[in-house]
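What follows is a single chain, given as structure tokens, in the form predicted on its own.
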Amino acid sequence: MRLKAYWTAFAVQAKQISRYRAAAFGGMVTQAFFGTMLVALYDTLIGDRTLFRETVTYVWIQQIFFRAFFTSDTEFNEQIIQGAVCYTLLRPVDLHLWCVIREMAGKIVNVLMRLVPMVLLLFLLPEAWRIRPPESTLGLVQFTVSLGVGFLSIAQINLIVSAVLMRTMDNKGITAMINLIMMILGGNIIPLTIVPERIQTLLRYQPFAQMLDAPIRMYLHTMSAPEWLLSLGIQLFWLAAMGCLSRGLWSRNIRRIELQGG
């Protein structure tokens, strides 16, 4: 029964988001424009052609999966603000897991709506400016698994924001702050692979790099089994840490939630 409820939550959220095709097209055009501008900029600034080609691939993967960073369950957040969350609280499910599934549905559908058109669009660019394929099938598998963990980490961040919303009734401040931190430390403004070597280790293992930077590194270079397990282990560690924090905040705030009116 509960499994059916979770699947229904995923399907309903996915169907609802898939309706916004015009918005998806507009987002795709925007990402294609900014991606092209960034590639042109790095073509001017980076003299090492090998590093440039890697950076081009980094930028396009970053643009293709851009919406995963900034997609959240706005419907649930509106329910919190308006008080309609009381109906959701009555569902006979693990509410935290239920919201994680809805978050994942939103991210997956948003990405799939942009993925194929974006990849096809890239073939209109000069060859040096196109995304390159992964080094191997194993590298693609490593990237896919790592990306799934990264999406789960972003979902946990969104649930932390929702937990704060339960107490403050306004999530604009923390959302803006979190988005800025994720863009800088997640590699969405400057690819983390081109920063100076002396701070690479610090940047590579901080939590926000596990969301997209870590998967991209696996796409660029197929890792050996020990190296991949280490990288995946770091991702899972931060996912568990953020999951414990978000679940703890949810449990605390749901017990104290107050609904007024009638």
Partner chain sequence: MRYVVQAVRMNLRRAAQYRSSFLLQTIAQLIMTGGDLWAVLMLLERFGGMGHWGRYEILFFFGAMHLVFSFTEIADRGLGRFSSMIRTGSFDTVLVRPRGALLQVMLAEMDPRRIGSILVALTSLIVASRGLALRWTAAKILLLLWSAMGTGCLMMGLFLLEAVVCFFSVQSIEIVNVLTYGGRQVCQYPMDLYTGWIRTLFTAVVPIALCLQMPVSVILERQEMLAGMQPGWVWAFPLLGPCVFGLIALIWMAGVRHYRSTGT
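Residue numbers count along the first chain shown, from 1. Note that the structure is predicted; figures quoted are calculated from it, not measured.
Here the subject shifts to the form predicted together with its partner chain, a form of this protein not shown in this document.
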Contact segment among 155-163, 103-111, 142-150, 174-182, judged by heavy atoms lying within 4.5 Å of its partner chain in the model of the complex: 174-182
Ile61, Met223 and Leu232 each touching its partner chain in the model of the complex (heavy atom, 4.5 Å): no
Proximity to its partner chain in the model of the complex, single hit among Leu138, Ala128, Ile190, Val116 (heavy atom within 4.5 Å): Ile190
Thr36, heavy atom within 4.5 angstroms of its partner chain in the model of the complex: yes
4.5 Å heavy atom contact, Thr44 to its partner chain in the model of the complex: yes
Any non-hydrogen atom of Leu51 within 4.5 angstroms of its partner chain in the model of the complex: yes
Ala68: touches its partner chain in the model of the complex, heavy atom cutoff 4.5 angstroms: no
